[in-house]
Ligand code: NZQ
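As a starting point, one isolated chain is supplied in structure tokens, in the form predicted on its own.
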């Protein structure tokens, strides 16, 4: 394995009724004014909002509402939250939701205390966080991004048409409350696309050097098998607690930095999808589902041994006289078949793109990830987009 440094400061409280059991005590360790952040309001329909509000009020907390965080949080929304936190003198932030809410809250936690333009200093380029962001806790309601146990936040600058993610350990939530029952009311399409995002995170770590035997790849294979099995179970029965809890923890394991240890990581698919999202605001997991098989058809020969492992150890495909190249390709096609099976889109047209006219501009705006088995160019990314259309 390659050299690494490991750090994760988030304390996780996992399981049924964990919010009722622990939130009051956790709130008591923070100041009286809490910025309560959430999305479009679904938590008010499913009862989570009332439950959390009641606990906070009984703990003597003053609640400042910060709602309307969108699926692809924008820099303008971050600035709105930062102004609200500053004007109200909020002591800490509590985010309730999935990855978009958590990501937005991390950026708000920085912008609320920094005098700098955080886009220019921390998202347009990597920066050094030499201050303490506003304390942040999260209550997870959607399994997908794994944002609850890292400092990563993906933010869209609409004016620049750039969607960028950065990971700052100081932005790790102090605590994460994870009740799998909170994910029951998530619409099936959102549950499925979020689960594919989990699979994507694992694959993009797995399909990178080193190729020699290593613990990270072994864990990744087990996680991928688990996601595939439990997603099928959750589609069949949305209230299968075992399936939901396994998906929720797999999401965390994919992005709490553990499987990345000693790995180069190849996040080219995420880079491509981020820019598609910046231009089209498409669903993140759906965009990844369209791109992954096409991208892997372009690179599997360059990472042949790993793609052979993927076919055999994740999909259970027998060699049965196949060459390495045939076996590796069969693994990629098994992934493509799984995407169809779970009902995710397989073309950009299904995402709402009516024309391929703007794909070259989007391709040229993509970052080139350094960890790919094959060195990408903007021209080849454009080819991938055209083949995906």
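Numbering follows the first chain given and starts at 1. Computed from a prediction, not measured in an experiment: that's the story for all the values here.
Separately, the form predicted together with the named molecule exists; it is not shown, and the next lines address it.
Checked against the named molecule in the model of the complex, the candidates 141, 275, 205, 172 yield a single residue with a heavy atom inside 4.5 Å, and that residue is 141. Taking a 4.5 Å heavy atom cutoff to the named molecule in the model of the complex, the contact residue among 303, 73, 137, 133 is 73. Contact check at 4.5 Å (heavy atoms) against the named molecule in the model of the complex: all three of 99, 186 and 190 pass. Only one segment in the set 55-63, 349-357, 326-334, 40-48 has residues whose heavy atoms sit within 4.5 Å of the named molecule in the model of the complex; it is 40-48. Contact annotation for residue 217: none of its heavy atoms lies within 4.5 Å of the named molecule in the model of the complex. Not displayed here, the named molecule is kept clear of residue 94 by more than 4.5 Å at the level of heavy atoms in the model of the complex.
The named molecule is not drawn, but in the model of the complex it has a heavy atom within 4.5 Å of residue 153. In the model of the complex, residue 255 approaches the named molecule with a heavy atom inside 4.5 Å. Scanning 190-216 for heavy atoms within 4.5 Å of the named molecule in the model of the complex gives 190, 197, 201 in sequence order.
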